[in-house]
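Okay, so here's just one chain, in structure tokens, the form predicted on its own.
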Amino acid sequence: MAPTVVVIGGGATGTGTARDLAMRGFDVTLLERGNLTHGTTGRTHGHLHSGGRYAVSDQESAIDCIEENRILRDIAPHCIEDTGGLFVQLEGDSDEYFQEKLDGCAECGIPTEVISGEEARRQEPYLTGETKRAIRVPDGALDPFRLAVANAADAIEHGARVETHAEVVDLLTDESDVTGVRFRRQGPNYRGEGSEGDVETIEADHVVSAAGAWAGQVAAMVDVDVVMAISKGAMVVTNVRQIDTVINRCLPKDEGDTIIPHETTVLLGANDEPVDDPDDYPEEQWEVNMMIDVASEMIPIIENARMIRAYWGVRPLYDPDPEGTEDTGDVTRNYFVLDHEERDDVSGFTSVVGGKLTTYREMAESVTDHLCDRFGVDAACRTHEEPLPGSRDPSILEEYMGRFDLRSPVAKRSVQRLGDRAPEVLGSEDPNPVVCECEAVTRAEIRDAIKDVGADLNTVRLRTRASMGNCQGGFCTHRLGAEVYHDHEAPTARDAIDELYQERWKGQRHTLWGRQLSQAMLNHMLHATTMNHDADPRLRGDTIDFTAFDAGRKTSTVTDEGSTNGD
């Protein structure tokens, strides 16, 4: 009988671990307290690291990054935009550090090319005229949502059970052995099963915590200390894509010195501030202002760009030598597999902590190797060579651009998102209008997502990017809601619309000035006035007298001759 394993955490590392375990024959259940990517993975800036950022300060992490960068390009090309990256040196920046960066990249096996300031500006015209020279590296943009979903989908294909909205509230124990978990549903899972408050227990031979910044809280359930070095980082989103290349400042690692193009926007970030609680930390305006100021030194046009939202995430850092580190920016980005039997005399329990989005697959391989050794499973890892769902044939990108009679950018982006599922989803003969113009998402994609996840429009958003563009859902939220009405009752659809609108509003609060303030007010008017949500009788508990709308209306009849008469 296959060993049973529960994986806690539905981010990239958790879904990747579930996939690897399932592929090697384990009986796997993955539990995530929210939607997939609810924690750290859904709040990263999606940087596919070449390793260049760590080539001087943390070479072990840098080597991991370049190795996994190459693997992800093979197994998940549909989750990556190959933007390339530049480390730019501005006038006055250190020549000595520029050479240290080059030397460090060479030592870590990271390919580089030095280009002049003029060539860098030909590649990125909005770079400051103060650009002296730059180092090209194989950075890229990585879609964390599609990556985690693809891993979860493949885990399911290999027999895993995935439960979303399932918060682990306790670890089951038998003396010093962990024997399973107890979880409470925070709502129906992605299949629409279960209800909020339902409690379930799962017996397991082993429990793996891939809970990221929450690993300490999970370990505390069995009185094990896993002291995380958690730090928060703010990211700011511009309204258009001012650059097409990942831009880094070639200085010793600092805050806010990376700019990443992502879909139709650009992300600025991030800072590095230690926090105690991954669920409760301040989101401060000065952090947003600093991101804009630092980015504007490299790309001056950023200073006058419209910022459509800001968001914060927490890094799941782990520092095995906290006494030797004073700054969270110096904490290693490497990962650790903590065998709690060996470390804490608590068997049946392992944590995988630290690491980065780029190295999630290697983390999953390491913890799965650990369990294979423990259970005597003789099965080699295959996740580095087997493509994720949707990535097998990139050539269909061009082929389907014309086939579905859509504008080329729409077709291209649809196929990028869907990968080899494009024929299945887009092949319908039904009308397929664009629902979200900002992100070029069509009705077929929306309907496909709703079919899988139900009326949860925030999950539909994560799968399709609908409502994540310039207007932040102002013009497409009600259209998304209209698609929910096909299969759900009106109250469910209205709640789904409100939840999506609130999620979009949450991130805009720190960027409300200038044109973004005007856009936010327009969105409010569309939602609250046009859709009557600020005076919704349903919310006030009023009863609507529909007959009053017909008072004084003439009764019409149709004669045999087809004419209309009124009283």
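Quick caveat, the model's predicted, so the values are computed rather than measured. The first residue of the sequence shown is number 1, and the count goes up from there.
Unshown form predicted in complex with a small molecule; subsequent notes refer to it.
The chain is drawn here without the small molecule; in the predicted bound form, the stretch among 298-306, 354-362, 122-130, 195-203 whose residues come within 4.5 Å of it by any heavy atom is 354-362. Put simply, of Val331, Ala219, Ala270, Val346 only one has a heavy atom within 4.5 Å of the small molecule in the predicted bound form, and it is Ala270. Screening Glu167, Asp95, Asp74, Glu489 for any heavy atom within 4.5 Å of the small molecule in the predicted bound form leaves a single hit, Glu167.
Of the heavy atoms in His527, none are within 4.5 Å of the small molecule in the predicted bound form.
Proximity of Ile247 to the small molecule in the predicted bound form falls outside the 4.5 Å heavy atom cutoff. Proximity of Ala12 to the small molecule in the predicted bound form: non-hydrogen atoms within 4.5 Å are present.
Though the partner is left out of this view, Trp214 does reach within 4.5 Å of the small molecule in the predicted bound form, counting heavy atoms only.
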